[in-house]
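Only one chain is shown below, in structure tokens, and it's the form predicted on its own.
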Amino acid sequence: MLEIEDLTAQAGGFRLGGVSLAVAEGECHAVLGPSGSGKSTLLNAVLGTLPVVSGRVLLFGEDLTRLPIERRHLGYVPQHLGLFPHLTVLDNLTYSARARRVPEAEYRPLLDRLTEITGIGALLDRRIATLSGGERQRVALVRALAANPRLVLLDEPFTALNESLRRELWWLVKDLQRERGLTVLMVTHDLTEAHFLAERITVLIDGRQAQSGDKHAVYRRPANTAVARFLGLKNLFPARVLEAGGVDCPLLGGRIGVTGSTLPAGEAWLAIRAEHVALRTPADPPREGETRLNGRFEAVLDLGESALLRFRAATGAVLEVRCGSRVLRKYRLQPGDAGVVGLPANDLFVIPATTPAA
């Protein structure tokens, strides 16, 4: 449906270059990255508010790259919503259709259905200034969808809301996707939000496309350390891929077997996610392919449903460990306790040494 081909765009002194991605019909694709990575620049280039230097934007095969914004038929929810405060909710929702002299009989059935789905029927006569943050968010979504756009662009629209309200609106977007086959390209810096809403993700770092693909694949196997760090990976250790197979990592005890590594021999980083580090006891029997480390737990934080621990191995490695609260209670760990952790070979992975980990 949406195809972005080798797109380069310039915003002042910032340059976004070489972005290529595709969004299938009915799919949500999330663009993530640190502040200043080019997320909103990409969205504005697709929307048409920022000229494209090179590359193409295609929608259902139609080249939008040089079309004016009003001919792209896109829905858009900006970060600050862009609602007209002096108008009622209903006037906000119908503004675009009335400005284009679209007969009410054409737009009203869809608007009524969206009003019903989002539960804003009681708000139609209210002015924007009297609405809560969540109500404004719902109005902005309906306004973006009321013209039955081919694609909806979301630019961090839920950032300013509290956690409970944000999750409620995430479910609303899911419901709209199911009800209307909604296709979404969204920008967010929130990993949980992207994981909840999107099927595929693209990570931008410093104006370049660092990685793109299925959200689970990107999360489990970051392409480089910059992506790994952005995705919250703390357990990164300098290593060397060996000619004879396996990986040598002094901080994790030496030579380690890593399942599925295809990197050529040379310098690399060995990584494992915090939730994949297993708690063990000295009495636990060895498990095939698992590296065991003895050491001490420097910090133990009970977060309610989960727990976060910092483990310093005798080898000198410091690992972040995440487990469920039930597991924490089972092991009865306290700061300062000696302990054992296991690193399963299936969960260890190697990252090219193209960028520094720090």
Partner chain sequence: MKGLRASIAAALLVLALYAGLIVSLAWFLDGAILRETLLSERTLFSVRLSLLAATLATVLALLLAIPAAYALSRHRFPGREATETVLEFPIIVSPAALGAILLIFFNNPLGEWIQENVLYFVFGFAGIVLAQFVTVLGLAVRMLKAAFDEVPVELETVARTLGASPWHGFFTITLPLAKNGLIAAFILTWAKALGEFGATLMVAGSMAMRTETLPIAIYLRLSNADLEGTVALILILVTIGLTALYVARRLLGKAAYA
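No experiment lies behind these values; they were computed from the predicted model shown. Residue numbers count along the first chain shown, from 1.
Below, we refer to the form predicted in complex with the partner chain, which is not included among the displayed structures.
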Q. Can you say which of 99-107, 204-212, 239-247, 118-126 gets within 4.5 Å of the partner chain in the predicted complex, counting heavy atoms only?
A. 99-107
Q: Report yes if any heavy atom of residue 78 sits within 4.5 Å of a heavy atom of the partner chain in the predicted complex; otherwise report no.
A: yes
Q.
My question is simply whether residue 95 lines the interface with the partner chain in the predicted complex - judged by any non-hydrogen atom within 4.5 Å.
A. yes
(Q) Although the partner isn't part of this model, could you tell me whether residue 61 comes within 4.5 Å of the partner chain in the predicted complex, counting any heavy atom of the residue? (A) no
Q.
Considering non-hydrogen atoms and a 4.5 Å limit, does the partner chain approach residue 286 in the predicted complex?
A. no
**Q.** in the predicted complex, the residue from 143, 166, 273, 200 that sits within 4.5 Å of the partner chain by heavy atoms
**A.** 143
Q: Report the residue, out of 299, 69, 53, 327, that has at least one non-hydrogen atom within 4.5 angstroms of the partner chain in the predicted complex.
A: 69
Q) Which residues in 44-58 have a heavy atom within 4.5 Å of the partner chain in the predicted complex? A) 47, 49
